[in-house]
Ligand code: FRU
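Below, in structure tokens: the form predicted on its own, a single chain.
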Amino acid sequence: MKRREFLKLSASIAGTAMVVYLPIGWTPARSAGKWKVGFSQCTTLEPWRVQFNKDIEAEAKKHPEVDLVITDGQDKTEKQVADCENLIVQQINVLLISPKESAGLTGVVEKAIDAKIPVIVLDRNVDTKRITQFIGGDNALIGRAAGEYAVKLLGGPGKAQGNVVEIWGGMGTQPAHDRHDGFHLFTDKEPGIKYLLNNQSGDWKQDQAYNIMTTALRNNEKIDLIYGHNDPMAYGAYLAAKDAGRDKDIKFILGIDGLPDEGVTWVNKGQLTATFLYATPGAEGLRQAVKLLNGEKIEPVITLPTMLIDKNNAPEILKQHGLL
């Protein structure tokens, strides 16, 4: 396999504070027994979120000084808010949170900070600059990479032609908007590319993307490329096309996540043309919380790397994970 080429990432995330903020009066002094770190996960209904939890749990096992408490928001903002309020009552030392959506979780994050609990936000940001750190991928860069790749597949700059179906993630999440905007920076320059849907959200879920694609197939005789904001939705679209007997006509289906047993496997089988790695911030989040609690310096933003995964490197990635 060729040496993996990780895409260059921006040094900042839009809307993220560029200084490390610590609540007034907070100190990293060890409490009796263990440090208690709370992690508020927004859902475990998505495979990427399941892997996210596995990664943070695996890292926690390396730190016997930490008691990790994980909650599941069950894909409901009000449940995640209640989870965070409960973690505040438990007097955790640090709150890690991956919000379902930004606006609805901002208030409880501010409440934690007012309770002298530093907050590290993972993957999706909140609408306050008082967080201590943000960790996640650069969704705008990944969107741009996907858009550039799509243009190449459809004929190249200035020549690209085709009908594109884009299936959004959650409309209330910044990653979905970043993946959309980044993609369109390239594809909108091509007059030969036409979009067949108007902001159809699959809410990151395979079954909803299947339904969206079924409707798109019924209403459009020619579809050339699918852009799913994550791998499960791209795969759901593929399954819909296969069930309609049109999977051979739609040659290019793109996704984002790059989980070995999902996106990478689907690419290796030829079901997806490509995916882009979107690493979970679970392990890094726990490591940063431990550094903070030890009084070490941390950065305000950590941007995780990404890379293109296609037929050229998918087999090697599967071998590295014992899947081939």
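From 1 onward, residues are counted along the sequence shown. Small disclaimer: the values here were computed from a predicted structure and weren't measured.
The same protein also exists as the form predicted together with this ligand; that form is not shown, yet it is the one meant from here on.
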Three-residue site K76, E101 and H177 fully in contact with this ligand in the predicted bound form at 4.5 Å by heavy atom | no
Partner contact for W204 in the predicted bound form: this ligand, 4.5 angstroms, heavy atom = yes
Within a 4.5 Å heavy atom cut-off, is F39 in contact with this ligand in the predicted bound form?
-> no
Contact test in the predicted bound form: D123 vs this ligand, heavy atoms, 4.5 Å = yes
With a 4.5 Å heavy atom cut-off, would you call E284 a contact of this ligand in the predicted bound form?
-> no
Which of 123-131, 86-94, 241-249, 152-160 lines the interface with this ligand in the predicted bound form (heavy atom within 4.5 Å) | 123-131
Residues of stretch 218-242 in contact with this ligand in the predicted bound form (4.5 Å, non-hydrogen atom) = N230
